[in-house]
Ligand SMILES: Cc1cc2nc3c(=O)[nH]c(=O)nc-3n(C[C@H](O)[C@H](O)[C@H](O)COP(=O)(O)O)c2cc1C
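Next comes just one chain, in C-alpha cells: the form predicted on its own.
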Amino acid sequence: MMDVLEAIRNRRSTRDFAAEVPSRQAIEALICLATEAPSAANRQFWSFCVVSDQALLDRISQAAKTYMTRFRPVDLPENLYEKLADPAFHIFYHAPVLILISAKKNAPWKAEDCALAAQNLMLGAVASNFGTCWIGLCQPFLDTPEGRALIGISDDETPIAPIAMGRPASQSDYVVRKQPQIRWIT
C-alpha cells in the first residue's frame, strides 16, 4: 500500500469508472478511515450513506441535473450548466457507488468535519486503487425534501460530501497545481 505522501500526490478526481462494484468490506474500510479524521471537540456528528443501486443513482443524477438547471442554486460557470442540461451527462460519471457524508444540521463546524472525513476517505481510496470524485453538483438537490426522501436522510441532517467511488476505468489526467500564495509573518 502506498504511503500518505504518495496518496496525496496521486489523488485526482476520477470521472471515468469501471462498472465493478467495490466490496462492502472495502467500502467499510474506507469509511473507517474517514472516521479517523479530526472533528470539532471530537463530537463526530457525521453519518454515512452508501448507495450502490444503479437505478437509484441514475434517478438521483437526473433529478439533481433538473434541480440545478431549473433553480441554479450555485453560481457556476455557464459551461457547467450546459453540461447539466445534456441528457447524456451522468452526474456521478456512472460510478458504481456513492458515499454521502452528512452531519447533524445544527452541529458546529459540520462542513469542516465532513470535509476532513471526506479527504481521509479519498486518500484511503487512492491508496487502495480506487478512484473518487466529490460531486458538489448533486449536493443542493440532496438537501431538498425529494433528495432526502430518495436516500433516507432525516430532516435533522445536512448532506455535505457526496463522493462517487469505484475502480477507475482510465487514468485521471494530471492536473498541474498552481504555486501556493504564501505570506510569511516573522
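This structure is a prediction, so every number in the text was calculated from the model and none was measured. The first residue of the shown sequence is 1; numbering continues from there.
FYI, the form predicted in complex with the named molecule isn't displayed, but the following is about it.
Between 143 to 151, 129 to 137, 34 to 42, 57 to 65, the stretch whose residues reach within 4.5 angstroms of the named molecule in the predicted bound form through a non-hydrogen atom is 129 to 137.
With a 4.5 Å cutoff on heavy atoms, Tyr93 counts as touching the named molecule in the predicted bound form. Although the partner is absent here, Arg11 is a contact residue: one of its heavy atoms lies within 4.5 angstroms of the named molecule in the predicted bound form. Using a 4.5 Å cutoff between non-hydrogen atoms, Lys178 does not count as a contact of the named molecule in the predicted bound form. Though the partner is left out of this view, Arg15 does reach within 4.5 Å of the named molecule in the predicted bound form, counting heavy atoms only.
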